[in-house]
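Before any questions on binding or motion, here is one chain by itself as structure tokens, the form predicted on its own.
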């Protein structure tokens, strides 16, 4: 049988996926969960170099995420340059200082206490790479006309989930950092007007001595409903 056919003028590929036994499914799903459950957000990074090819593989993995009408409305900006990382840290800390001193509610600050966060963000310079994820609100054709992207927020969010999983799978650590507002990233990285910053992710190895908060995840009964 042919592996490709044309449906209404568009090519379709035959899709095959090996069927696993119930035992294999249980073993693989449990193993993957246990590995992902060991993932933690880290604020204490080593400056040890990470091969660029690894970062490229992480981004390629993120790009396999589904997206509205397959528009792939994302740009992953990778920063290794120390001077640019320094600029980002300075701008981020300025915004974070304002947030901690005047923008955040008392409840918000109280909720952050167990995590030990403050406006100081040294990891933005220590981590060997920063990945800034931009969402492409729309596309621009060669004549400057706008072309619609669909479900942009959802699509980019899914891609980030893929990215974080890939980072963990590669033996690295990350942090989802959202200095607010993030418009300074557009200016610093000279991104076009159709791109808006979505997330700033330091990536690297954990510091030799690295501590994370002793927090617990909700159990399955608290996060799911089966019908």
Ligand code: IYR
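Numbering follows the first chain given and starts at 1. Because the structure is a prediction, the values reported are computed rather than measured.
Heads up, the form predicted in complex with ligand IYR isn't pictured, but that's what we're talking about next.
A heavy atom within 4.5 Å of ligand IYR in the predicted bound form is found for exactly one of 84, 91, 104, 140: 104.
Using a 4.5 angstroms heavy atom cutoff to ligand IYR in the predicted bound form, all of 96, 115 and 178 count as contacting. The stretch from 170-178, 59-67, 26-34, 195-203 that comes within 4.5 Å of ligand IYR in the predicted bound form, counting heavy atoms only, is 170-178. Contact annotation: residue 121 falls within 4.5 Å of ligand IYR in the predicted bound form, judged by heavy atom distances. Within this chain, residue 150 is remote from the site of ligand IYR in the predicted bound form, having no heavy atom within 4.5 Å.
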